Each structure stands twice: as structure tokens, then as C-alpha cells.
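We've got the same protein chain twice here, in two forms, each standing alone as C-alpha cells: structure 1 and structure 2.
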Structure 1
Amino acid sequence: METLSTPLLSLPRYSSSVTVNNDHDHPVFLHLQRCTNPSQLKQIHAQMLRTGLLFDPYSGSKLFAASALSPFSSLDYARKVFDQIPKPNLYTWNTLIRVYASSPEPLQGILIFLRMVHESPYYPNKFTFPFVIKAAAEIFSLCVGQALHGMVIKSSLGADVFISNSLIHFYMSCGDLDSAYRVFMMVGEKDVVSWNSMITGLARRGCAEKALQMFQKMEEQNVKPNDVTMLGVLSACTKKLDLEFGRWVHSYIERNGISVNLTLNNATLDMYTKCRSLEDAKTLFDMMKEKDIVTWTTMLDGYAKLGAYEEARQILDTMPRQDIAAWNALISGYEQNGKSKEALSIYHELQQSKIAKPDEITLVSTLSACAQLGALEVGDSIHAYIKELGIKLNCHLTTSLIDMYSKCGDIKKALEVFYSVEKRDVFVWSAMIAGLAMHGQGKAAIDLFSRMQETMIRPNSVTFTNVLCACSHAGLVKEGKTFFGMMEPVYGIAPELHHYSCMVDILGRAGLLEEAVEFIEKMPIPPSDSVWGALLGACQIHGNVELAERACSRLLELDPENNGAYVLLSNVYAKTGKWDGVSRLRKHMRVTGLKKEQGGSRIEVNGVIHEFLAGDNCHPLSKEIYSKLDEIVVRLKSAGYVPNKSQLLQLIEEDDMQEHALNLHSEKLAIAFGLLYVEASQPIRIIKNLRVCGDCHSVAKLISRLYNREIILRDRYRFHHFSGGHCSCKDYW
């Protein structure tokens, strides 16, 4: 054990009644200055207790400061030292408040402050208030901070710049920007910290433009910015995605000789990647002499989010240390760009490598990828992993699991997750409502919404979108109108374009096409392509050619490249026997180069995703699949099946060719594969990228009866549950 060079036993003994002069050369103070570890500090503490020196307020404050503020300090130990000092002086009280304000327990700082006010002979001074105000900021307690502000004014300390800066930071942290600005304007001699508090606070609160205006005023006042100022300014540039101004800021830092540290370089790098300038980011990255894990991860994240996956992977492979944040950036980049298979591949690689342990962000991103793919088995294994490690389900993970199970077709497990947790925020409730809606359980979704209101959880914009979708699929027109009507008057949520689209869909599906048109005409905001698309979809269901042509025309005015509009209008023509219209549309698409989006279906077997395109013969088991499909067609015809050829885009005159084209739809290939390789006790779960056509819907329903199999088919809009020749989508056509 390391000991001090001067024997502690040689220190003079003091009684509790003796006052020590503030002699900085006193041996005990010299020992405290030279103290380098907790063991030495405890030796000094023990000797001060034996000699009675601890009971002198000044000496006690010195020991306490060493125990609280030294590099090897321990808050628990410091608190014990404090409790042994009979009459702590004001410096000691301030120091304890200070360390708690910067600790994971800032509330204790406020409680200590209250003890000082009520139990000690001291009143807070100009050093006390900045510390306790910081504690109030850490717990985001507006009422406590306001009370402290009142004490500051009563103490005639309102002009103190350090206290004012603390108040600015406090009000910004609590989101009270007006109060922060009022305090700022009352500061006589504003220092750089005053300006930094405003600029940084505004940037963090999403007021990027105001933050940049504040920086401009700072320049006009000839206050020299520092590296903290530029961090706030760069944050504002990043929020605004203003690359041009971001480049100017980078140049400004160099021109004005502002001290550049790793944190500032990382912020500049983040600005470039967020503003989608990988060239600038790469130049800065290569020039940086010092790099930390944040540097590498920021660069990797920039590449991944912009789809430069090879470069992102190269960054991951060359990093000095691969932490979980880097893996998360790559997984998230793939997932957010619709490359879910690649995201799952990286996740599996991470698990096998054991380089880093998946965290909540990893699991949320991977569950989202599972939801996109319909990879139920992989999602189930992640849920099992969460249980195995005893990871407590927070609202983020709960929402992700509900979303995954819902979109993978297992609504029962989604409900199990929902009911297994005690804490449910608005996102958890909204996810469950969405799950029930997409599975055709509209009334159950609305009942859940009512229960959500009973729990005093306020719905948000997403909640109402999900509720309105539930009304649409369940044909609940009256309820849909009621919910839409209460959004703004009751909850203060102004309807957005997707809410209007949902209402048009509700009215249109129910056959109230004229009312839907009237609703669109009365919209307070210009109708979007999604609004006209909803009307066009309703026209397809009900075969209204004239209105479909009008809706299609308006849709194409807003989105000329929307090939789906031509397909929907073509389906309306085909449904009503207007084959000249089908031919005309087909010719127009050929001339303009527009192509119908190719239908694709996915099915998961033993954790492996198999993909099929319309007319696909690339699968290694194509021979067996087509053989099974031939068998299916024979059995269907024996059961009286007649192909529904009304929705073919192409004008094919020969009946056998029309039938052949229908048989090549991707979901039929996936069903054939499922009959071959999915265990009979398990549902056949298929995800399709487009809307399921009427013929495939009829075929799936008939196959479920003939083969006694449960088929769960998710298309672009919702789920279709087929079992025993019955389907849950009663209102679909």
C-alpha cells in the first residue's frame, strides 16, 4: 500500500473547540495537495478524526473538497465525510451541491440546497446559485428553477453574469425559450458563455434559423466566438441541412484561428454527412490526425445512409475498434434504405463474430427489417434472445416487437407482447391499433383506441391515421367521420394529408363516391397525390369509369411518373369491359417508357427468405414449384374454379394465354412453394409488394379449402387470412 512520506502520527492534535488559522503551509493541507489515491485520502481522514482536526470547519472543508473534487473522488465517500463535519461552512455546502448537480442524482443537489437554507446559518451566495440551477436543469423542473430565479432576484444577484448564464441554460433545457431570451436580454455585459447558451439552446430546440441569427448578432457585438460557439452553429447547420452555410462555417473556423479539437472536427464531419456531402466528409476525415470511435462511426453512418455500402463496410473493417454503434449504423443504413435482407445478414454476422453485443438500437433496427421482409422466424428468435438475456422491454422495443409480429402475420403474438408490459406509451398503443387494423380487425382496433383514452394517454397524429385505417377496412363510415371530426376540436391535432386520404378511402370503399368528391373539394389544403389515389382505388372497387378518369388525371398532374395510376385506371377499364381503354393505356406506357411495377412475393422457410417475381424461373427449385403449380391448377378446375381475367393490364386475346399470365403471378408461385416446404401444421405466410389481384385472392381462398391449409397473405395495404375456404377481407372487392 502506498503511504505518505511524512508520518501522519506527527500531526498536532486539536480539540473541537480550537480554530485553525487558514495556513496553506499546514502539514495536513500539504498532504491533501499531494494525495494521489483513495488509500492516502483515507489515511488523512482517519488522522484528522483522531486529532480532532476534522471538526474545524476550514480543515473539514479541505478534506471534503479533496474527497469530492479530486480525480479519484467518490460521491458516496464524499457524502460520508460531509456528514462527519459538525458545522460545514458555505464553501462545503456549495461543493456538495456542485458535485450532486453533475452526478446521476441531480435531485440530491436540490435537496442539499434546501437543507442548507433551512438548517445552516448561511444564505446562498453567487457561487451557490449556478450549481443548484444546473441541478434543476438536469431534472427539467421548471417550477424549481423559477423559484430559484425568484430567490436570485430577491438576493439582488440578478446582474451576476454566471448566474444569468445558468438561468439561460436552465430555461433552454426546460424548453422555455421566451424566458431564456428575457434573461439573456437583461444581462448587461454578455460574455461568450451567454451567447453560447442561447445559440446552443436554440439549435437543440430545433430553432436552427434563430440560432444562426443569434450568431450573426454575436458577430455584430464583436464578441469573439470559441469552439463551443461553433459547435452550436454547426448543429444549427446540420438541423437546417444547409451545406453551403456549413462549408462557410468550416472555413470561418480556420480563418479565425478558433481552437479545433476532436469534438469540433466530429461535429463538422457530422454536418457534412447529414448534408449528404460525402466528398467533403471524406476530405475532412482523411485530414483528421486524431480520430475516435465517434469519428469512424459518423463516417460509416454517412456512407450507409446514402447507400454507399461498400465504403461503409470498408470503414467498419478498418476501424481500430468496432463497437456496437458502428454495427448499428450499418444495419440501420441497410434497413432504412429498404435493404432488409442485407440488414439481417449484418445482424447475423454480428452475432457470430461476438465482437460486440447487440443493444436496444440493434434490436429495434433488426426487428424493423424483419417486419419489412415478413421474417417471422428471425423476429421470433430476436424476441427469444431478449427473453434469454433478461432485457426489460421498454416502449421502443415493445413497439418494435408489436410492429414486427403484426406485419409478419402473427397478430396473436403481437397482442401477447402488448398485454405483457405494464408501461405503454402512445407509440405502443398506436402500433397495436395499426396491427389490428391491417389484420382486418377494425372493431377491435377501435375498442383498443377507446381503452387507450381511458388510460389518459393522449393520441397523436399517427394514432388517428391507424384508427382511420381500421375504420376504412372494417367499413365503419360513421365511426370514421366521428374520429376525424374530433381530431382538432378535442385533441388539437390538425388533420394532415394522410388523414384526408384515409377519409376519402373510408367513403370510397363504402361506395360513397360522390360524398368522397365533395369531401375533397372542401379540403382546406390542396389534395395530394395520395388523396386522388385513394379515390382512384375506390373507383376500381366500384367500377366508376368517369370518376376514375378524373382522379387519374389529377393524380398524374401531381405525379407524372406514377405508373400505379395507369394500372388502376386500366383495371377499371378491364373490369367494365372497356378493352380499348386498356389498349390505349398500354400503348401510352410503352411510348412514355413507363413500366408496371413488377409483382414480387416473399416467403420465409426455416429462417431463409425466398423471393419470387411474376413469371420467375430463377429459383433453384423452379422445376418442383411449377410442377406443384400445375397440380394446383388441375385441382382448382376440378373444384369449379374459373380464372378472373378482368384485371390483366395487357390485352391478351387468347384465353389460354390470359390464364397462363394469371398463373404466373408471384403469390401463386410462393403458395406452391409453401405447400411443398412449409410444415402442414404451420400457416403459409406470404408478403407481396403490390395489391393482390382478385384472381389470386380467389385462388388463395380455394387452395386453403382444397389443401386444408391456413394462408396469410400480406399485400401493400393489408392482410388476407384464408382458412378453410374463408377469408377475413370481406369488404376487399
Structure 2
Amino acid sequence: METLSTPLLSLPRYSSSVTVNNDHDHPVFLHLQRCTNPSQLKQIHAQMLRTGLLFDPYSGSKLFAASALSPFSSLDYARKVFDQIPKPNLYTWNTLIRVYASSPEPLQGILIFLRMVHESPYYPNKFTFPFVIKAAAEIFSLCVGQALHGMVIKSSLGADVFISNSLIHFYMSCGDLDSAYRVFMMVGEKDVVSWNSMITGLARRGCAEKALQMFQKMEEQNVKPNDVTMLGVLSACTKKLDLEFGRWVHSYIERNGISVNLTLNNATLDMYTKCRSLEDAKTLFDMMKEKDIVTWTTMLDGYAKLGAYEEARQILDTMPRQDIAAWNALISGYEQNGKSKEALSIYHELQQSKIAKPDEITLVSTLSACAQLGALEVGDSIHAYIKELGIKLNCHLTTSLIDMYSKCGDIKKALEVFYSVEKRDVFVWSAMIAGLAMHGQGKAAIDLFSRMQETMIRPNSVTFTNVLCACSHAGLVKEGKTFFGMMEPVYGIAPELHHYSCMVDILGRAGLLEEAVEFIEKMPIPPSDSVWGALLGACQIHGNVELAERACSRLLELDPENNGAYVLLSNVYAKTGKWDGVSRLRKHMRVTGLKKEQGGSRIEVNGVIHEFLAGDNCHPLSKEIYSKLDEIVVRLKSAGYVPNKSQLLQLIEEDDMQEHALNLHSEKLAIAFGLLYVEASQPIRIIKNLRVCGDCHSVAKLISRLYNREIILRDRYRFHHFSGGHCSCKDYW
């Protein structure tokens, strides 16, 4: 040991004749107390080893506690000290369990506990249990905790308030609220910690209302809340997004003289930003004398999530240390507000600046931005980066990758990721089902759902939305009905509006319009705009004017701004030749100022995203694109193509003008661009913001045959894979 030859401290030398057995006031303990760095600790360790003092259980426990609990010592070092102690006493065992329980390896705490029970002469005492129960909570092992609970009762320690409190915390973190409540009720003299454990546990479990009720009861029982209580209460307010109550809590803290620390201020700040009050947040932020990285990040996140990007950027640029969480807050702020391009550009800036290293959270947000944009090449490069760094895929990352590949049109890669991982949670399964659904592989999605049922992973409400969506895209009416019928009785999941909309979509698309109407009439909850929207969509496909008008007016009652409704109804009129209806609608839209959402398509070539709007000539290569488009039309017409104008909103009198408008559709521009610039071996991948129109759909099919190119088109609802003159949707969309 280097410190043996170069002493940093002048320790008195002890002869081996020193009586160590009862020497509890040995001067070395004073040094241990004053020890401030690892070298000094090592030196004392060496000295004690040399003098044999380490082998006295009491002295050994002192050195061990110092190395285990000091902020500058590592757990590995403490473990080495422990292993040198021949007969650790109960205190030493307890301390080792304690440090493992709050270490990154809490399982070790359980294992040490078992060793103690088997190898040592000691039986766990009232100090042991809180530590080992904490370890069980950390690994979310309900059965381990239950066994410990049993031991507690057998040891007649069931009434100990410290142990009970740790059990409450344990049951809460395992989600067993009933057991937590039972233990809580059994505590005779509930202290503030008993209440805190219930309140924070409930708040974290999403039972915000119950947490607040618990706080109220606590007040009624005249138990004085402390800062931790208020953290729990604030966390409940934040979950409820209840600004008024949050403000009341803030003033309650001030009125009741609760010691305000930095953490409590940070939690209050977070409550204000999450409840969307930037004014309250800013006032508090400016008033806070002490700020840490969490304060800055919380404020940054608040700005970014509420769209105040300049302020968010300002915080990032002025905060004392830009850790990865700060960058993540900015990236996810952009991403969650649909500003994916900005999110990607911040990610690139982060990578270039090397200020902080992207972590899993960065990658999840960035992949989600890629998914929104359909930026396959960027998404691919992130996947490569993950492999390069050897980052192990957790379920979050797996889900994001599957979602990215699915939404970027590469369902094969999505499946590869899915099959490559060992661990799959409900989100991973659901994402894969959704991916297959959007690619029209309804049968495969359903098969996957059956395989999911062979695992222990229980489907949730989102899983069912995706399964029903798969049925809808693949026209699987019978299956859809079966799954919908299973939700409540078999899985205990009450169908929500999403599920009802899917069912209306399934029935309506299949032409069962009457049945869809009956289904809506029998709904136990009021139908939403999306339910009527699904019916209206079905009316468009099947050209049912009377029902379309009914659905449209119900939809507009609920959502008067819904311009999509007019477009759909207009399409129904056009399809059935009711041109007076079309012009009436057009007039109405002009008068009310409602505009059809502009169609736009995107295509990524060599990592650059090119965007096209209907009829735009902003692209630098616009001339070339239009002449390619002319060539395509000539070639298509000679192959027998007749333009289909039924889905044109504008009533244009002259026939060739109509045709011209059709040719300007953004997806056609993007396809022309793709034919020019995407390597022939690669599919042409296009993303459209609206649904693809019937004419563009037939054109894409023909192009795939005449030019022998694969075209993968993502529209608002799903993917269309065109190849050899056919589409994967089998014209069912």
C-alpha cells in the first residue's frame, strides 16, 4: 500500500501489545472522524491492519462504517474492508446492507442479508429490517418483501414504526397499494414519516386525488407536515395539473413555516411549469437565491415545453453547467411540440459540440423526432451510434427504434430490432403491433398479439387500439369484433373513445354502415368527433351522401373548426356527382375562412429532407421535376391511365385545369423527384401529411410497374407499398 511508505498523517505508533479488545476510545477513531479523503482513509486502514486493530470487531466496524458511509469512499473499497473483518458484528452487517440498499446494486443488499442470516450468529434486528426492506423496494420484488414482512412479524417487530414505514414505502413502490394501506392502518403511533410514505407513494402511483385526501386527513389528525410532506403534495398537484391548488400549496408552505430548501423550491418550480404558468415559475425562479442544475433544467424544460424556445435556449446558454438533462429538455421540448426538424438540429449541435454525451433519453427523443419526420437515414445513423457505443437496448430505446423504423417505412428493420432483444415490455409489443398495423399486415399483427398473450406481459389500452387498428387496415371485421368484445370481460380494460372510433372504422370501411350507426347509438359514452369522423370517412369510401351529411353535422357540433370534415363531405358529393353540394361547401368554407389543410410531401435523399407542397415551385430543381412529371404523365397515359378527379375539392370548370391541379399534388412532385435522384436499387420513400388521394394512388401503382421502382408512401394513416403495379393496401384504405 503506497500510504505505508508515505504517511500523510502522523499517526501515533501502537505496539502490538496494546489491548485492543475493549479499547473503544482509541485515538485512531478521532482520526477516522476527521478523515476527509480516500488517501487518509487508506492510511488509517493500513495502520489498523499493521497493528491488528482491524481484527477487533468493534474497531473493524468503525473503520468499515467510515469507509462505507463517507462521501469520498467507494462501495468496492468498503466491501474490501468488510471482507478483512474476521467476525463482523451486527452493526457491521447492517451497515453493509444499508449501503448496498441505496447503491446501484440493491440486490447485493438482499444477498448480504441472506449471508448474515446463514453465516453469522446474529438474528436481524430492528435496524436490519428497514435496510433490507429498502433493498427489496429498490428491486421491486414483491415476494422478497413479503417474506421479509413475514420475518418481521415472527420477530415480534411488527409494531416498530420505522419498520412499518419502510414496509409502507416498499408496498407502495411495488404497486401493492392495499398492503401499504393495511400496514399504515396497523401503525399505532403514526409519525410524519408514515403519512409521508403514503402521500408520496400515492402521488407517484398516479393517485393524486387520494394523496391529497391523505394530506387532508393528516392535517385533521394534527400531524405537522414537513418539507417531505409538501414535496409529495406538490407532486400530486403537478400530476393533476391543478394550478389553483398548486398556488394554495405554495402559500401553505410559506404560511406554515415549513423549512424551504432547494429541493422544495425546485418541486414548486416544476409544479408551476407543468401547470403551464410561466409567470409564477419565473417569479419563483428569480427569487430563488440558491439554484442548482435541477433548478435551471426545470426552468429550461418549462420554457421549451410551452414553446418559449428562445428563453429555453437562453437558459441553456447561461446555466453554469450544461449536463445532458438540459439538452434533453430542449430536444424533447421541440420534439413534443411537433418541431422535429429543430429537435434534430439541436441533436446535431450537441453531437458536434461534445459538451455532453447523449444518453438513452436523448436517443429516445431524437428517434421520435426521426419517426415524425420519416427521417430514415438519420434514424439509421442513431441506431448505428447505439451499436457503436455498445449501448444495451432497454425497453424505452427498443420501443423508439421499432417506432422509428415502422414510421420511416422500414418494417423489416423494425422486426429485426423486435426479435433481437431479450426483454420486451407492453410498450415494445404494442409498438411492434402498431408497426405491422400501419403497414397493412393485419394478420401478422394479430399473430403477434397472440404470441404476446403467451408471455406474462398484459396488454393495455394502447395495445388494443393498435390491434383494432390492424384489423381496420386489413379489413378484418370478424377479428376486430372479437378483440373488442374481449377487452372488458377478459382483460378488464374498459373501451375508450379510441377503441370505439376504431370499431366504427372497421365496420364502416367494410361497408357495414348501418351496423356502424347502431354501434354508435349503443355506445355507453358520448361519441366524440373522432367517432363521427370515422363514420364520415366510411361514407366517403362508400359514397353514402345522406349518412355523410348526418355524420358531418354531428362532427361539426363537437368540433366546428374541423376543416377535414368539409373536405370529406365534399369528396362524397363529388364522388356521387353532386356538384352543387361541392360548390355550396366551397362557398361556406370561403365565408367562414376555413381552409383545407395544405397537402405536403417529404422525401429524404442522402440525409437531406426535401419538402413539396401542392403546386409549389420553390425547389431549386423545380424545372427538372416538372419536366419529369410531364414525361411520366405521357408514359402513363399511353399505358391507359385516366385521371381520377373525384377527390378534388376545388370545382374547376375546365377539364384540363382539373387535370393540371391533380398533377401538382405534392406526392407526385416527390415521386418525380425520387425517380430522378434516388438510386434505382433503393425504394422511393415518401411521407405525406394528408391521406393520399385516389388518383395519386393509381399513379403510384402504375409508376411502380412502368418504371420498375418500389415506392413506399406514408400518408396520414398508414403505409402504401407500391411495387409491380400493386399496393400493399390491396386498395382497401
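In this text, all values refer to a predicted model and were calculated from it rather than measured experimentally. The term rigid core refers to the maximal set of C-alpha atoms that superpose within 1.5 Å between the two forms. Sequence positions of structure 1, starting at 1, serve as the residue numbers.
Please let me know, 1 or 2, which structure is the form predicted on its own? Here the form predicted on its own corresponds to structure 1.
Core-superposed C-alpha of residue 518 shifting 2 Å or more between structure 1 and structure 2: Shift of 2 Å or more: no.
Using a rigid core superposition, assess whether residue 260 undergoes a CA shift of 2 Å or more between structure 1 and structure 2. After core superposition, the C-alpha of residue 260 moves 2 Å or more between structure 1 and structure 2.
Quick check: residue 575 between structure 1 and structure 2 - does its CA shift reach 2 Å or more after fitting the rigid core? No, its C-alpha moves less than 2 Å.
May I ask for the C-alpha shift of residue 132 between structure 1 and structure 2, in Å, based on superposition of the rigid core? The alpha-carbon displacement, core-superposed, is 5.6 Å.
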